[in-house]
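There is one chain below, alone, in structure tokens, taken in the form predicted on its own.
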């Protein structure tokens, strides 16, 4: 055990280590994984003076309660999150998008997310965790990544390899915007669906189901009519692709998705909307709006420019 470490008092819900994910492994059935909300992941690292590809703790709905042992260190939480910092006998409410300094014996209690799903905790240093295929990202469905591919657990000790010398306190004014219309490109099996089915997809409203996780988001709503075949030969999948199984309810593939699937694909979520899509909690309403490839590329470039501009402000 090192002199600087975290102890997990309560792991929270679906708490894992994540980074930028792993590339070029789809051909052997390994998805990209990585932080679900990339912008919040990057901002968290920048707030504590980490390299932007440093591992963070990602949590969903309820986060971890952590006790820190060691010398002074910075941490920051991003997302729409309610958390508390306990210093000796004092407990203060923390603010997202602001770094804090903690020291030996202090505790961080991530109580919950607020009408969103994922939050991120970055700590100013390098965690002593294992990497697999150049990434620490945990995929619990396949037991891939650091921590033996499993969620963090109660009583677990997480050591630091090193902590940052730069402990400047930083903050940024940032608001997570909500989105109702998710922009999509036509899928490779778009013509499997009737004209009425296509109109249903673009004009009607869908509800995010409770049956959603890092692998996929199931939607409930009016049935999307298929006039060709509700099954196809298994084909490759990508993050954001929208499959429609026989029950007519769409499933959006997310970061830990399977790399092949046999349901017809009606569309693919434009990358520009992915971060906000994954933050839509069960019960949220979704509408889809069609855009073409050139518009999707321009929008994503603007999104990346905006992200870099935010990081430069920290």
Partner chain sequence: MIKNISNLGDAALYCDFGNEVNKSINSQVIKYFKTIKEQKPVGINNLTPSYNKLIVSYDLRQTNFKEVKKFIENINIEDTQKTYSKQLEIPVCCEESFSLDIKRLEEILNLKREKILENFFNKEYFCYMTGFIAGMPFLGDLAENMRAPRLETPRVKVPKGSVALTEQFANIYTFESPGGWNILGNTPLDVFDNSKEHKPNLIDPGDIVTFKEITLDQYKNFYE
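Numbering follows the first chain given and starts at 1. Every value quoted in this text rests on a predicted model; they were computed, and no experiment measured them.
As for the form predicted together with its partner chain, it is not shown, yet the points below apply to it.
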| request: Quick one: find which of 87-95, 167-175, 136-144, 102-110 has residues within 4.5 Å of its partner chain in the predicted bound form by heavy atom distance. | output: 136-144
| request: Counting non-hydrogen atoms within 4.5 angstroms of its partner chain in the predicted bound form, say which of 259, 281, 249, 69 makes the cut. | output: 259
| Pick from 179, 127, 238, 207: which has a non-hydrogen atom within 4.5 Å of its partner chain in the predicted bound form? | 238
| query | residue 52 near its partner chain in the predicted bound form, any heavy atom under 4.5 Å? | reply | no
| said: Please determine whether residue 306 contacts its partner chain in the predicted bound form, using a 4.5 Å cut-off between heavy atoms. | reply: no
| request: Indicate whether residue 131 is a 4.5 Å heavy atom neighbour of its partner chain in the predicted bound form. | output: yes
| query | With the partner left out of view, is residue 27 within 4.5 angstroms of its partner chain in the predicted bound form by any non-hydrogen atom? | reply | yes
| Hey, which residues along 291-314 are within 4.5 angstroms of its partner chain in the predicted bound form, non-hydrogen atoms only? | 293, 296, 297, 300, 304
